[in-house]
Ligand code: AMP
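One chain follows as structure tokens, the form predicted on its own.
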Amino acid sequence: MTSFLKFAKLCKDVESVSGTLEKIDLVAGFLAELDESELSVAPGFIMGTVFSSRSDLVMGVGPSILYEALARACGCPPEQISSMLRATGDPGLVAAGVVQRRKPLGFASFIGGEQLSISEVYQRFLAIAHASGKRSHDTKIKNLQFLFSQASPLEAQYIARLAIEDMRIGVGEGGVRDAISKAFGMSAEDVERAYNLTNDMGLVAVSAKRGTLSELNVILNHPIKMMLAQLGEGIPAALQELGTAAIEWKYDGARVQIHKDGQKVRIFSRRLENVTASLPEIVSAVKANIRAKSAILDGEVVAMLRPTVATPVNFAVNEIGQDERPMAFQEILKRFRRKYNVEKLAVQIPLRLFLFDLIYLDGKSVIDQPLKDRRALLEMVADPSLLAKQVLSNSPEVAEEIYRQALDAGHEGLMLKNPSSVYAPGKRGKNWLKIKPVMETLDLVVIGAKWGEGRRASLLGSYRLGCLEPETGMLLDVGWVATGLTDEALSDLTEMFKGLIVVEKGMELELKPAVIFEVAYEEIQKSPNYSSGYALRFPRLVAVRDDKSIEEADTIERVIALYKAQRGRNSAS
């Protein structure tokens, strides 16, 4: 059984080296020594993810719970914790400092240094995730209190960071993938494919250790990463690239992955969160209109504004009426967030389902079949009322007409897909191209905020944004956004971010990275003021994309590519 102290020492060592290859070597050496039970947990811990995406479990620990548990475990006044936070800005360092000073001293693990194991910490986190009801708050605090009471300062540092799932050691999915590859002699490509299919890096690591990585495949009732589209340069260029394309509307909706297992239906969001309870009419539509015994379906739900609201369970036809328009994207997200009085909100914000792909059918994965064959299978098992309309053509004129129809109906544009392409989980490439008329936007992670002034003094008025460094998982800031926000929007955002405040220094806050903003801008400029080296000129909030996971944030590479592209356009003009 491996001690948690050994894991904490690994984290300290990884955090202290700057080179990516050095980090990977350290992680690989650690993983290679673990038994299977620990190996199923440690890769997630290293990435700062306690539970895999294929689990419905969430930690649900905010900074306030963390600090209360620390105060109780160590006899430290909350004011002292707040003071330490302002000084360090790091919950982990605060936990280490508080445990170092705790009273009374003499706990067994503090002396012996190896009482807590990786498995024991994980079991406490399981108890925290399973806590529910009126006593859930106390249950979470008591389990954290126990861990802190047993931990050495170094262990406490990483227990605290794990509890709020913000490790800060500079190892992301890519780094853990390469470490598993190195530890067990597997190709990085095979490790990545296995992870995209299972969304469980612990399962992937155990399979790599056993030499059974190739046996991992799509599993019913466990979400897989969704295939993603790349922005096309226009219809003529896209068709020149693809030749004959499968042409579909790009709906102004929210992506869903639907798992049907007999009469049991589970729905997952783009972030692979279980949202089944929030979408009862979609569950009913799938039960009534999908003839397969078991299937995994890919599609989009759209909030449709109708002149008279009928019961949204039955979709008689899939033609959108002329008087029907998609509601604002934020209205859809209200449905995804709603946990109570769902039926009432379903009447106000009725949803329609448009299916466009099939991932699994009656016991078999179909991701390696070409799109045209997957579409044929989808048409066999799904009622036409649920299908996104698709046209095969190589004609720019045909595509332009469908594009115009989509925009006239209030949707975003077109999808142009390669009919011969396999379904590539988690991949963004030229096999799926999206065509939109809007200017380039960036999906950026909110990592900080500032309180407003004057009448907005009680609201968070501006937000610090970060892009992703994919290998390390670090977030590099690219500036602030404060425009495009009404008082009502600021009030909603302030409420959303209250539970994500990590540290407050005067007017400025550091936030737990959990929410993505889609941001428009006039220009990208080089800037020494931000860790990315770039800044957005006149940024404006377009949408809160809490349907997207942090891993889907735009990368520093995309920021640089857009910067170079705009320079090319400017010099050409």
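When you see a residue number, it is the position in the sequence shown, counting from 1. Quick caveat, the model's predicted, so the values are computed rather than measured.
Not on display, but discussed next: the form predicted in complex with adenosine monophosphate (AMP).
Although the partner is absent here, residue 268 is not a contact residue: none of its heavy atoms lies within 4.5 angstroms of adenosine monophosphate (AMP) in the predicted complex. Residue contact check for residue 200: none of its heavy atoms lie within 4.5 Å of adenosine monophosphate (AMP) in the predicted complex. Contact between residue 417 and adenosine monophosphate (AMP) in the predicted complex is found at the 4.5 Å heavy atom cutoff. In the predicted complex, residue 463 stays away from adenosine monophosphate (AMP), with no heavy atom inside 4.5 Å.
A heavy atom within 4.5 Å of adenosine monophosphate (AMP) in the predicted complex is found for one listed residue only; from 325, 456, 250, 338, this is 250. Here is the short version: of 101, 428, 86, 498, the single residue with a heavy atom within 4.5 Å of adenosine monophosphate (AMP) in the predicted complex is 428.
Partner contacts here mean any heavy atom within 4.5 Å of adenosine monophosphate (AMP) in the predicted complex, and among 145-153, 132-140, 242-250, 216-224 they occur only in 242-250. Residues 428, 432, 434, 436 are the members of 423-437 with a non-hydrogen atom no more than 4.5 angstroms from adenosine monophosphate (AMP) in the predicted complex.
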